[in-house]
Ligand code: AMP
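So this first bit is one chain, no partners, the form predicted on its own, shown in structure tokens.
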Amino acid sequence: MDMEKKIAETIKKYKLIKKKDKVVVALSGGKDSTSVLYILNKLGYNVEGLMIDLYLGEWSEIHKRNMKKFCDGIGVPLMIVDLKKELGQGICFIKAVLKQKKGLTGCSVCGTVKRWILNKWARKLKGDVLVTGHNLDDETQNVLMNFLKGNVILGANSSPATGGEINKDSNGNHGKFVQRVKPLFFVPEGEIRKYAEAKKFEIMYERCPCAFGTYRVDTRAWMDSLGLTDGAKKKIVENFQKIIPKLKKQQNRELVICEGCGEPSTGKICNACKIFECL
């Protein structure tokens, strides 16, 4: 089965996107998000790219240039959010402060900040869904990381559609949370790379320059050392999906509005605000 067909079937099976939806695609500039944007546009969805300028030097500049050219080439609008205008600092400064004050690793800080900004801006763009480029390898890593941490319940929202339903009022107006979906959920990373290379996308294939010395990086290396096949990875993820309903009952989390920023949260103060307080 080719990748485009696999994505179309995942969307249909899990009811991820409707043809009438405004689809906002979170773009990093890498192979995963670039490929999913291209395919969703090809499938006839109303897509718009959303990118965050993290201020990671030349790495960020190259990605911005690539995505501007790519989106222009396929006729898709692109919104680039300036992190310094949003938070006053680039991601490297933010991570350095959080590591010193809270002992938090770079990836966890970056992930929290990006999720906060992406949801906020997807809502501003009137998106019905927010698409991310998470693939089968990412999801396998999530399952194994949570298992190794002894906290499997953290994976309760690890599915093709995450975070619950879109909140709308009686008039059909959007609430604070934009549904996140992962059309690449069952697509192996290697398959995506081959697709991007075959399409000759003008992108960088290198990983984030800050992706080292973290638990996720160590888990990825361990997983690679096991020599897991794509079939084995799929089995791990599919089997985990079977226990998610039970995990959600145990988790019993509801989205509320953060008292600090007014964005969706699972507590009175969201994780992003806890980071902002340290800056």
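In case it trips you up, residue 1 is the first one in the sequence shown, and so on. The model shown is predicted, which means the values in this text are computed figures rather than measured ones.
There is also a form predicted in complex with adenosine monophosphate; it is not shown, and the following applies to it.
Does any heavy atom of R193 come within 4.5 Å of a heavy atom of adenosine monophosphate in the predicted complex? Heavy-atom contact with adenosine monophosphate at 4.5 Å: absent for R193.
I'd like to check something about S28: if you look in the predicted complex, is any of its heavy atoms closer than or equal to 4.5 Å to a heavy atom of adenosine monophosphate? Answer yes; at least one heavy atom of S28 falls within 4.5 Å of adenosine monophosphate in the predicted complex.
Although adenosine monophosphate is absent from this view, report whether R180 comes within 4.5 Å of it in the predicted complex, heavy atoms only. Close contact is absent here: in the predicted complex, R180 is far from adenosine monophosphate, nothing within 4.5 Å, heavy atoms only.
Can you tell me if L37 lies within 4.5 angstroms of adenosine monophosphate in the predicted complex, counting non-hydrogen atoms only? No, L37 sits far enough from adenosine monophosphate in the predicted complex that none of its heavy atoms falls within 4.5 Å.
Among 243-251, 229-237, 64-72, 44-52, mark the stretch whose residues have heavy atoms within 4.5 Å of adenosine monophosphate in the predicted complex. Among the candidates, contact is made by 44-52.
Residue (of L118, L87, M145, V129) lying close to adenosine monophosphate in the predicted complex, criterion heavy atoms within 4.5 Å: After the contact test, the surviving option is L118.
Going through 133-160 from first to last, which residues have a non-hydrogen atom within 4.5 Å of adenosine monophosphate in the predicted complex? Going through 133-160 in order - heavy atoms within 4.5 Å of adenosine monophosphate in the predicted complex - the hits are G133, H134.
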